[in-house]
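Quick heads-up: it's one chain on its own, the form predicted alone, in structure tokens.
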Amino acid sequence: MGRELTFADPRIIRLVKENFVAVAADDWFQRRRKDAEGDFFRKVANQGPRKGQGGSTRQGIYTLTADGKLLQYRNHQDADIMHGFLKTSLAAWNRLPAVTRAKGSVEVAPLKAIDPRFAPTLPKGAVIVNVHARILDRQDDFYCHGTCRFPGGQRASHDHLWIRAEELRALMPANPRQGQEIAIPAKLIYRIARYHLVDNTRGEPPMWTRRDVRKADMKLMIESIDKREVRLKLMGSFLLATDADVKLAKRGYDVALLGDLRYDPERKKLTRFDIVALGGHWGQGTYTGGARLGRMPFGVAFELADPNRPADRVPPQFIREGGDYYNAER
């Protein structure tokens, strides 16, 4: 969230748009992948202070030339500091020989081979769901935007849920009947519970383990049917806690879910996937410090994403762990 606030600064947006080519990448993937892209990233990073000794992080902000010469490195969230960093990086660029800065001075060859372990792609036929989480407060018996002392912690986070084709088919029966209850695949239930009912509003959160899922109930029922649309109602409740004795759990989430799902029966296409999760969350992780004390209102919202938007094709955070993302019920 800190970097999001930094790069929302109008001065930085203007400076970057006019003078840089902006690229965002996941250091966890980039420092591990064994292909030309990974080699290029490590070449750049190795010129700076973070050389990834022992597989450690190389995250930060890099300014570089197209041929991989590092101009400057910084890992800071203060907008004023980053604005100054970008200006001095631009000055370093302008000091390079004109032939180096000329258009077409570097020819980038096509990427022929990609390391599939660290370049996850959306499975064929899958859908993308936007997932936003936010701290909340109570005011006059209504929920409202939450407040906290952590800078930016009151803003909504953003992740993606990927639902595979076979899971979608399970949600959309061939011969739907009003009042029919649909069995939701356990893989999908536990994927939502473990990897998407998390507090990622202040940084990178610890995901729930299979053992942390103390209760996982989710039901889907067909409410109405016509030629163009089948409407389904989703209801659920989860208890997630790091200890079987919830009173002793250092971190937990006691949450209820309500959802409105719809699909086109002729095209067999999901047209709506709106779910709201609301409950009391408590505790924090190693990289999500600054949590409010005690059980506090916390909400998560799910809605279909646009697969044609590059930003909506960013892989789910926990897909880093490979097969576990798709087998969360184990």
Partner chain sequence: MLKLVVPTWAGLMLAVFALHAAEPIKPAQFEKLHALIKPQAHEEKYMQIPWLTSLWEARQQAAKEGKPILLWEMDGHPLGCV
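Numbering follows the first chain given and starts at 1. Only the largest set of C-alpha atoms that superpose within 1.5 Å between the two forms is called the rigid core. Predicted, not measured: the structure shown is a model, and the values here were computed from it.
Same protein, other form: the form predicted in complex with the partner chain, not shown, and the subject of what follows.
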Q) Picking from 163-171, 177-185, 118-126, 255-263, which part of the chain touches the partner chain in the predicted complex when contact means heavy atoms within 4.5 Å? A) 255-263
Q: Have a look at V99, A244, I81, V108 for me and say which one sits with a heavy atom within 4.5 Å of the partner chain in the predicted complex.
A: V108
(Q) Quick check on E18: any heavy atom within 4.5 Å of the partner chain in the predicted complex? (A) yes
**Q.** Interface membership of V213, the partner chain in the predicted complex, 4.5 Å heavy atom rule
**A.** no
Q.
Against the partner chain in the predicted complex, would Y143 count as a contact residue? Criterion: heavy atoms within 4.5 Å.
A. yes
Q | Distance check, T286 to the partner chain in the predicted complex, heavy atom within 4.5 Å | A | no
Q) Which of the residues spanning 60-74 lie within 4.5 Å of the partner chain in the predicted complex, based on heavy atoms? A) G60, I61, Y62, T63, L64, T65, A66, D67, L71
Q. On a core-based superposition, does R42 travel 2 Å or more at its Cα between the shown form and the other one?
A. yes
Q | Shift of F150 between the shown form and the other one at or above 2 Å (CA, core fit) | A | no
Q. Closer or farther: how do the Cα atoms of N19 and N308 compare in the predicted complex relative to this form, given a change of at least 3 Å?
A. closer
